[in-house]
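Here you get one chain, nothing else, as structure tokens; it is the form predicted on its own.
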Amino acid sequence: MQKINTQAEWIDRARAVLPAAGFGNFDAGIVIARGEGSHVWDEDGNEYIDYLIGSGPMLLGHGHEEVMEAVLEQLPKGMTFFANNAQGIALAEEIVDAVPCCEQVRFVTSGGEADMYAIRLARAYTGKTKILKFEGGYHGMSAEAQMSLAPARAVNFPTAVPDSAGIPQSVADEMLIAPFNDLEAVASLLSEHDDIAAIIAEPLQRIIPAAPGFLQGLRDLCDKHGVLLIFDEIVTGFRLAYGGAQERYGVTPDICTLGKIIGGGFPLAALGASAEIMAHFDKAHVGAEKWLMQLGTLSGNPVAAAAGLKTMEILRRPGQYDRLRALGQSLMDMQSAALSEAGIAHQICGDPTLFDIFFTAHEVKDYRSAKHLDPQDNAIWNASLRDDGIFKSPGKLYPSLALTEADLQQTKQAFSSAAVALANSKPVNA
């Protein structure tokens, strides 16, 4: 086989066999060759400080020695069985010990799959059909989740707008959409509809924090109306705190979904709830009519479970979350200082463990307010950072525990350069 030496050649090959030349996840104009610690390299050998970290899972960095040892110990014993295995059972035990709402869990392979089953589980348990979600909330790729994730047009609430082709109107009819951080709107919908099975929410919606009292308000409204509360903790689980957003914010949902970090960089996710709710996965317990069928070839994969177990063990060590938050806060402060010095209106939005910038002077509280005054500002900012060796999503920055002081200093300089580039792009006042 002819040796491929350049990134451009890989991109040409991708165009022939992949729609839009990519996997659908990230910029198809870059092909990553390898990662180590807090850095990644593309196929041309360009080195970057990695603030994408696989869209969140690599909290310890790439190729962490102890995680690698755990994986290499498991590999000769078997890669997958489609049957119970000790690593998966042990991982379930650790999740139950860590996450307040979980008495039992079920494993799946992806976060979107976990969210899909969480919605189905809520319907099975309550016997109701409608789901309330928040505009701009991301819950995977199921038909329900692809409602009002990123609507291009503003419609009146609670109308659901499909974000994808191929979704029938009947799905939209079972979805109610509310603005994030608006308890009054939620209360109104719960009073008007008696067929709502659950509210599904990201406790930190993308990077938009819940307003003080909002999550507890959701909990109280759900209790009042007999509705289940689902927290999508695919991103926040084991990131905001060891026990996730539930621990960080002190609000316990009825069902939660987990992913990313619990697989240690391998495909693994889960959903969890009380034993009473999770009983719907047990046909012998609830009977055929109330049984929720769930299976997956790679669910509870022992290699992923081994990586997740070791990752969680490391995260339990003293000081890990204090350090993660300190790193994140430093990065937030660096960005704000650089932009303020350049006279650029901005807001740093999120949590020190996950955040980014909105180039606006307005308060960011929900999907409709989470807008750049000029979207080109964000493009210029991110392009400048990429040129200076910073690898990140256009809308998120994930700190990792692998970051070094040298990484922070390089990043600080890149922020300063990006702020100057953004200031220079502005027209000079006459």
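The first residue of the shown sequence is 1; numbering continues from there. Keep in mind that this is a model prediction, so the values were computed, not measured.
Missing here is the form predicted in complex with a small molecule; even so, the following discussion is about that form.
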### Query
Looking at the partner-bound form in the predicted complex, is Ser110 within 4.5 Å of the small molecule by any heavy atom?
yes
### Query
Does Tyr321 reach the small molecule in the predicted complex, with heavy atoms at most 4.5 Å apart?
no
### Query
So, in the predicted complex, is Gly217 in contact with the small molecule at a 4.5 angstroms heavy atom limit?
no
### Message
Given that the small molecule is not shown alongside this chain, does Lys130 nevertheless sit within 4.5 Å of it in the predicted complex, heavy atom to heavy atom?
### Response
no
### Message
Taking 4.5 angstroms as the heavy atom distance cut-off, pick the stretch from 334-342, 95-103, 227-235, 299-307 that is near the small molecule in the predicted complex.
### Response
227-235
### Task
Tell me, out of Asp254, Asp356, Glu135, Asp115, which residue has a non-hydrogen atom within 4.5 angstroms of the small molecule in the predicted complex.
Asp115
### Query
Quick one: of Pro179, Pro209, Gly140, Gly243, which gets a non-hydrogen atom within 4.5 angstroms of the small molecule in the predicted complex?
Gly140
